[in-house]
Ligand code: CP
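As structure tokens, one chain now follows by itself in the form predicted alone.
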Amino acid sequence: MDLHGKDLICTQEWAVEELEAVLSLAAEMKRERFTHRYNNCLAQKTFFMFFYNPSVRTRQSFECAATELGGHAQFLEPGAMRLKTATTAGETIEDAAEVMSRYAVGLGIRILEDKISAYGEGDDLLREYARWAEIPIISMAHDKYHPCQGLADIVGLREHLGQDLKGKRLLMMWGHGALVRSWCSVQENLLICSRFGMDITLAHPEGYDLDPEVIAAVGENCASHGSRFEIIQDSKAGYEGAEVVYGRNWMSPQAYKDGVLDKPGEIEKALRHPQWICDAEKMALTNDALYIHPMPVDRGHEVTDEVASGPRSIIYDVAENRLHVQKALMALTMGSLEDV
């Protein structure tokens, strides 16, 4: 399957067969990490990483991935570059994308909630780069989607639940917290898990609805598999029979005021819901469920230490899988075809 040059902004835009190609290669690369035949497929090649927002795992995992493929990942900070914005003169996206395409074999972009003035602007930015670039554009997390995280989630779930996830029950649970988090990881997980046939319960308090277009797509994905999709506003009921619990905070649709993310207001509002925490008592209602989270974990708010560090938590497995998924993705979309 030829994926060379293909952008990855959201997994929903890839065929399941294309996603399976990445997942299969990621599993192979994990098994044969330092002896793998693809370890030179990015030799002498550079992957640009455009970080509007800082990270822990994202920069580490992409740099490790490029190195293990024989290439180099170059960190770029937009604030240190003369780029055109709504208020400043500078280089346009068209010019920047065209030039970077002459230097590197791929461009990753990370832009989250506090670097935009309204939901959707980050997604628009990635798509504008994709319009002009001649190299693949990879989302390293933006305001709408986090495709590499979604792929890593699937690898982790398959490792613990088996290859066939159809009919497995996922609870996506909002968690109260002192962090103001975008919808990207949550929406990506819902989309990709529904593509693989999982039954999904989305639970959140009133006023924490996600993107209606994404929710509609999740419903359509589930319908195509004959899977169940329900949305509830109960902090406990969804745990009954769940096989996977994804407990994470996300911001409300009213998070932006006059073009600015209202962090204090969002935190104050979220902390009104202390009952929305994933704890051992609720996990005891599940079908011995796995606990997953994209990290960083807001311990004591989203989830208790007992659960996050417990025997059914696979948060570190999933974090590791970011490396292997990204290696596979880079090899397939940027590597020399004869090597991949």
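Predicted model, so just to flag it, every value in this text is computed and none were measured. Don't overthink the numbering: it's just position in the shown sequence, from 1.
Form predicted together with ligand CP: not shown, discussed below.
Q: Mind telling me which stretch in 276-284, 299-307, 57-65, 24-32 gets its heavy atoms within 4.5 Å of ligand CP in the predicted complex?
A: So the stretch in question is 57-65.
Q: Between the options H204, K144, K168, R110, which residue brings a heavy atom to within 4.5 Å of ligand CP in the predicted complex?
A: It is R110.
Q: Contact between R322 and ligand CP in the predicted complex at 4.5 Å, heavy atoms?
A: Within the cut-off, so yes.
Q: Indicate whether Q187 is a 4.5 Å heavy atom neighbour of ligand CP in the predicted complex.
A: The answer is no: Q187 has no heavy atom within 4.5 Å of ligand CP.
Q: Using a 4.5 Å heavy atom cut-off, state whether S139 contacts ligand CP in the predicted complex.
A: Residue-level check for S139: no, no contact with ligand CP.
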